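Only one chain is given next, in structure tokens, and it is the form predicted on its own.
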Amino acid sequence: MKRFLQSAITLFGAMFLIVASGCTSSDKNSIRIGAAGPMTGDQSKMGIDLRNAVELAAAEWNEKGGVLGKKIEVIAGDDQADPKQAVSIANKYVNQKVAGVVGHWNSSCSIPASEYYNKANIVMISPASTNPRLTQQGFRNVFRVCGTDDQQGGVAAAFVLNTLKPKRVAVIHDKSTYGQGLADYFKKSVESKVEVVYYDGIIQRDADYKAVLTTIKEKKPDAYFFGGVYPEAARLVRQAKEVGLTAPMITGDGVYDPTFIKIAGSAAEGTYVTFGKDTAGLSTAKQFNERYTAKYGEPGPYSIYAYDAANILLSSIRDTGTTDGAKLADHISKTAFKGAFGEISFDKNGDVTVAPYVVWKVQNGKFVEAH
């Protein structure tokens, strides 16, 4: 029995050394970065767009020899647009010792996940989470390359007041951190100048919003604002048409995707959406657009943001010569980066110093700049 135990211990020890050796080898020869977002479910296009952009950036670095002589390995994390799953992904990244994370996409996922990255000294750069609270937690290692909801809520409100000039508006949201936050900023910006005749939330992924839309119709608004993401927005405009609500929808960046138009069909016509400026005319984005399109097809709305976030992370590792989160965060906070979207620098909270939003309109089945 004693001899058996000794043999077993010896075998276990040998197996442990093999596994440990494999892990050490992997850690020694590669730098891991996370790409986190909804890879499955009704928002999966956004997560896949994010992952593709990060993988493109990593491939370009690897073609040049990697970073610090090491290959870049991208670990995709599917948070399913669920805060609990986002925390699970964050814990996995911590255990996998990633050097940084590009993500998450939803604010409701980024905010709880950021607590775990902060505790583990891991840099997080979100390409799409716009709720202001994300960067107001006092975490030095949390950044975003997009704008914020107070910014785009103000832009949407100014457009509505100055261009549409309504007397009565309705405001709805999907009860998410992002959607309700954006709706609240819009409401706050308009309520002293127009009558807000309706304010309430809907349930994400509900199939039928006709009761809500009928109630809104009875309030006779000249326009209605929706804070949320494209699957719900598409159902809302389709069902609004069915119940006879003709007032235009104004909404935010979570709806700026061709998938919205594809799902909504002709009902999408006349919808106004706040988002960043068109990258097609940017000379800095030309190479990105060409390479992304050749490899994956047309870039998604946040692909370029994820690509820039990945490059900021990787160039910071190169420039500092380390993957230490505190040193990377310090470098990122003090550096102006030249990205595909132009020059990017951050303020003391980790927000971009310049976040231009414009208003787009769905016209003839496409998004065109309206303002």
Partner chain sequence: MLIQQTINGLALGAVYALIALGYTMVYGILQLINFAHGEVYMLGAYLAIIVLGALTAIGLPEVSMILTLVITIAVAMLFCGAYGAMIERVAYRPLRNAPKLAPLISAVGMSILLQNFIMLAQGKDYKNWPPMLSAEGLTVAGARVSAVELLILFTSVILMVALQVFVSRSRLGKAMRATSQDMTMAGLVGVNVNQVISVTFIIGSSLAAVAGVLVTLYYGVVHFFMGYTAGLKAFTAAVLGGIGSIPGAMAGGFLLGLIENFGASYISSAYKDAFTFLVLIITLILRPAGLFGQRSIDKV
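Numbering follows the first chain given and starts at 1. Here the structure is a predicted model, which is why all the values come from computation and not from measurement.
Note that the form predicted together with the partner chain isn't included here; everything after this is about it.
- Residues of just one listed stretch (279-287, 140-148, 295-303, 230-238) have heavy atoms within 4.5 Å of the partner chain in the predicted complex: 230-238.
- Between the partner chain and the residues 269, 191, 242, 115, the one pair within 4.5 Å by heavy atoms in the predicted complex involves 242.
- Checking 168, 175, 119, 92 for any heavy atom within 4.5 Å of the partner chain in the predicted complex turns up a single hit: 175.
- Among residues of the shown chain, residue 76 is not one whose heavy atoms approach the partner chain to within 4.5 Å in the predicted complex.
- At least one heavy atom of residue 44 is located within 4.5 Å of the partner chain in the predicted complex.
- Interface residue remark: residue 196 is not counted as part of the site for the partner chain in the predicted complex, having no heavy atom within 4.5 Å.
- Not displayed here, the partner chain is approached by residue 40 to within 4.5 Å at the level of heavy atoms in the predicted complex.
- If you take 203-234 and check each residue for a heavy atom within 4.5 Å of the partner chain in the predicted complex, you get 203, 205, 206, 207, 208, 210, 211, 212, 214, 215, 217, 218, in sequence order.
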